[in-house]
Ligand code: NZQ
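Next up: a single chain in structure tokens, the form predicted alone.
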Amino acid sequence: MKNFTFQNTTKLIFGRGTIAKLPQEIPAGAKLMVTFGGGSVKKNGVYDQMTQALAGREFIEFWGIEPNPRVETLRRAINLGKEQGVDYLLAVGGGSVADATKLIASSIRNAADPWDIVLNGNLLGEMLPMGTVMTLPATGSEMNSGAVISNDATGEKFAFYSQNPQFSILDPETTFSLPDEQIAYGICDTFVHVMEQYMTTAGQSPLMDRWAEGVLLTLIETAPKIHANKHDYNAMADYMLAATMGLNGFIALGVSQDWATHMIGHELTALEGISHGQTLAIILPALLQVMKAQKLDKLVQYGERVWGIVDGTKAERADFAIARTEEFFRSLGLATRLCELNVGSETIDEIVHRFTTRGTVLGEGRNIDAKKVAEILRLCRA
């Protein structure tokens, strides 16, 4: 196991009716701005719960944060925050709203352009405190420092890191009205978050392996329950907590990480507008096949412990594990081939060109270069 330093500062408030606890977490005298997406929180009752909890307090609202939040939108929110002297933020919605609010919080007291902050972490200065009320399990943004921001002008999508929310409220009942498609994307995103931290080198940490495998098994067992009944509180609670635990640092202690699937997927979203979770379902099986020799021991372990695969040679067992992974994504209703979404060779060529120009290398071995990216993407079309 590698050396590590770990601290997670987010207070997690989980369960039915917990939105009512907002007044206990936000300072009474705060100049508060609440950020939202497209309005689903008004349809599912979350907005009413929030306003009731904050009755008697003054706050301003910013609406319209889109999936894969655009820096162009966030500049407007930042300007509003500066004009109004905002000193506390509350993100109400899914991971995109939380991600966006991290950049807003990092920019209100910063003269730098927010896109420059995304590109250059050295420009980070004082970040305003923030909390979240999460309604879409997926990103883990409620309990980590990361965020992913898009730029329409450049056709790019990048991650940046600031600091954790002070608190996050997770009420599984807020997920009952989610569309099937969003649930599928969220489950896939969570699954791949875990795989990015787990599917690397065998033998690093038995404890981290078992923890990661437990999250994967929970998702596999829970997905059909949710498909049968989205109002199954316990199933939604398990899924919601799995999404948080999948990317809050707990399963990454002392182990190497990959993240190539996410980095390639971000390019597909930026260029083609494909939902983030859907890009992961396409990329991961192909990446595992291309990198099979390097990941062989871990693939065999994964196949045995997660899918119960015990027969065949090591190479065959690895192939079976990859196939079962793709089948799981299919069971969620997701595509696993670029051709299913009419993505052509021009997009592949542009992604490869971008990785070539940047000189980017990915993966736990820092050996997934532009040539490997091309191989992965072409296999995604097969």
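All values derive from a computational prediction rather than experimental measurement. Each residue number is its position in the shown sequence, starting from 1.
One more form of this protein exists, namely the form predicted together with this ligand; it is left out here, but the text below deals with it.
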Residues K31, T101 and P165 all lining this ligand in the predicted complex, heavy atom within 4.5 Å:
no
Let me know the one among L338, I322, L334, I65 whose heavy atoms come within 4.5 Å of this ligand in the predicted complex, would you?
I65
Candidate from A237, A223, A147, I117 lying within 4.5 Å of this ligand in the predicted complex - any heavy atom
A147
In the predicted complex, is there a heavy atom of this ligand that lies within 4.5 Å of any heavy atom of K295, even though the partner is absent here?
no
Quick one: does Q182 come within 4.5 Å of this ligand in the predicted complex, counting heavy atoms only?
yes
My question is simply whether T347 lines the interface with this ligand in the predicted complex - judged by any non-hydrogen atom within 4.5 Å.
no
Check G246 for me: does it contact this ligand in the predicted complex (non-hydrogen atoms, 4.5 angstroms)?
no
Candidate stretches 38-46, 347-355, 325-333, 309-317, one within 4.5 Å of this ligand in the predicted complex by heavy atom:
38-46
Any residue of 259-289 with a heavy atom within 4.5 Å of this ligand in the predicted complex counts; write them all down in order.
H262, H266, H276
